[in-house]
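Below, in structure tokens: the form predicted on its own, a single chain.
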């Protein structure tokens, strides 16, 4: 069985994510209240599932009828940033992959995990990449990211200006602080900075 997945580009998903935010969070205030959007505005259920990752190696999954997002209970209780990312990732599947779920008949985490393993690597690769791209765009909108990066860089500009050579890992350092504004883990910010070309838009040490 092959998944009938449209091969969206990163830019395509950025536009879809922005439309999503315009509808469900028009103020654009950060951090994006993804849990509130899902439960109160989209009318979906969030269900903390015991041992979901330990037993099935799943952070979360969207039910076949697209009414419930199951998320690992430990993540739900202890790892807020990862939990928020998992929610946004699964909303990505809800928005982007309706046609896939219409063809599924999966009723349990075990069935879902086995289905994923049975899929051609290219298909499941696109499926999960779309979810990651959507989560990144929704939780870290490009316009807000550039604004926050400018604020953080300006905050430390005196220090940066003293560097004879800007360290290669300077944006990793900056990402740690920027991440706190968006309530995500720093690697999410690092990826978004690269994808959005923030490094060319926000000068350092000048």
Partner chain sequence: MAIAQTFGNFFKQKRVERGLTLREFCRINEKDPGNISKIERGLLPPPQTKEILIGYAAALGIKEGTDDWLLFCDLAVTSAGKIPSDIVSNEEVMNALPVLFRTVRKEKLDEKDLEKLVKAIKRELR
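Numbering follows the first chain given and starts at 1. No experiment lies behind these values; they were computed from the predicted model shown.
Although not depicted, the form predicted in complex with its partner chain is the subject of the following passage.
- Taken together, the three residues 49, 59 and 108 all lie with some non-hydrogen atom within 4.5 angstroms of its partner chain in the model of the complex.
- In short, of 22-30, 173-181, 40-48, 141-149 it is 40-48 that has heavy atoms within 4.5 Å of its partner chain in the model of the complex.
- In the model of the complex, its partner chain sits within 4.5 Å of a heavy atom of residue 124.
- In the model of the complex, its partner chain lies within 4.5 Å of some heavy atom of residue 53.
- For residue 83, a non-hydrogen atom is located within 4.5 Å of its partner chain in the model of the complex, even though that partner is not displayed.
- Contact annotation: residue 134 falls outside 4.5 Å of its partner chain in the model of the complex, judged by heavy atom distances.
- Contacts between 155-188 and its partner chain, taken as any heavy atom within 4.5 Å in the model of the complex, involve no residue at all.
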